[in-house]
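What follows is a single chain, given as structure tokens, in the form predicted on its own.
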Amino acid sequence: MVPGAVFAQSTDPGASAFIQKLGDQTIATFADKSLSREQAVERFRALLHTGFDVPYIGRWVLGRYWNQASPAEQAEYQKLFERLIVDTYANRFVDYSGQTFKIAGTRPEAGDDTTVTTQIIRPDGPPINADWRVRKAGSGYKIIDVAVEGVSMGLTQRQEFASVIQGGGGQVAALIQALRQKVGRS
């Protein structure tokens, strides 16, 4: 073994093609002004389930509290988490128009993961840089995290949720109540 040698891993070209297609579909959904907001959100929800490993992300975000939650709490949390993601990202994307989406690079990660770096080119502002961590899942791919301008959305959410649980006496029920209020289902 050569000290300091770097062993290159190959990137998966399928991961970048997957992200390009999903990004194009998402932008097309929100750019289609013939759709009502509700129709666009429903299409986005379908794209979310196609492209994101929502159950994995939800469990990872809950972290060590996942095992403390009852099965009923886990089930309700996953439903509320999915709704939170759809609402959050739909509200961010609904105002987008005229943007383009391009792949800026890829890099291999541990296991079957690949990070795909993208830019959303906006006509009225600087580009938005986003890194999509993609995991090969069977014959397809699923996104397991997104980092916007270097900030992991999963890690940010995990820290926020842990803070809510700790503020609620270490009970997952406190987070579930906060999520109910946030997504309008109290």
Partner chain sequence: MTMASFTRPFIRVAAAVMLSLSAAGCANTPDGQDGAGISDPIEPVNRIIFGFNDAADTILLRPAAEVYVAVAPDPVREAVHSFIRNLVSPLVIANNLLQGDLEGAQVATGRMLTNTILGVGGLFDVASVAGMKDEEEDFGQTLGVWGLGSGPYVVLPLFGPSSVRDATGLAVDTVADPLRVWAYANDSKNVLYVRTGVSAIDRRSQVLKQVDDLKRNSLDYYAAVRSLYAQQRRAQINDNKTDAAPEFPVFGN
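What you see is a predicted model; the values in this text were computed from it and never measured. Positions refer to the first chain, counted from 1.
Although it is not shown, the form predicted together with its partner chain is what the next lines describe.
Mapping the unseen interface onto this chain, residue 20 falls outside it, with no heavy atom inside 4.5 Å of its partner chain in the predicted complex. In the predicted complex, its partner chain stays beyond 4.5 Å of every heavy atom belonging to residue 100. In the predicted complex, its partner chain sits beyond 4.5 Å of every heavy atom of residue 38.
Using a 4.5 angstroms threshold between heavy atoms, residue 175 counts as touching its partner chain in the predicted complex. Scanning 131-166 for heavy atoms within 4.5 Å of its partner chain in the predicted complex gives 131, 133, 135, 144, 145, 149, 150, 151, 152, 155, 156, 158, 159, 160, 161, 162, 163, 164, 166 in sequence order.
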